[in-house]
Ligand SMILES: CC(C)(COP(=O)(O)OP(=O)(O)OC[C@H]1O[C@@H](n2cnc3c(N)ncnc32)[C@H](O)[C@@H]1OP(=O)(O)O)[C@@H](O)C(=O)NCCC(=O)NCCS
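The data below hold one chain only, encoded as structure tokens and taken in the form predicted alone.
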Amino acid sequence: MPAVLRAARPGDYPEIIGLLQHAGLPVDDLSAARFGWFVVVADAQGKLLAAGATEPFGSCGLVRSLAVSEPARGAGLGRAVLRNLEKRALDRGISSLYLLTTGQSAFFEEHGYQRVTREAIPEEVRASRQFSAICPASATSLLKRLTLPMVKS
């Protein structure tokens, strides 16, 4: 059975935390209640290979905690998780996704994210712990406006 992309389950909590910590991503503000935002990729044995989440703020959201385990890098799992997060955000009425990154801006820019100043980000997103306290001021701020896919008639 190949790897499966799915919503995170309560039992995934410790493994998600470990995956994020191994990737050097912050976990200080994560709680069990926030794990409903996560999607994961699990292998046939159930081991998590990738995880990511979006945090909603009205009509915009914050992409956070996108990580792929070292052995699984280069297999397109990060792209799959990001696309799924974007689809879920659109399904929830979110039209813009923001994020902060200290070393992966090229990955996100390849997927349509554009650099913006922190001041251009809505106040409710800037007030999140991720923006206000956890990520350094030197982190790159990015934005992607989400659109529904074109339907051919």
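Residue numbers here begin at 1 and follow the sequence given. Source: prediction; values computed, not measured.
Although it is not shown, the form predicted together with the named molecule is what the next lines describe.
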query: In the predicted bound form, the one of Arg115, Lys47, Arg118, His111 near the named molecule [non-hydrogen atom within 4.5 angstroms]; finding: His111
query: Distance check, Thr54 to the named molecule in the predicted bound form, heavy atom within 4.5 Å; finding: no
query: Interface membership of Val40, the named molecule in the predicted bound form, 4.5 Å heavy atom rule; finding: no
query: 4.5 Å heavy atom contact, Gln104 and the named molecule in the predicted bound form; finding: yes
query: Contact label in the predicted bound form: Ile134 to the named molecule, heavy atom within 4.5 Å; finding: no
query: Contacts with the named molecule in the predicted bound form - residues in 77-91 whose heavy atoms fall within 4.5 Å; finding: Leu77, Gly78, Arg79
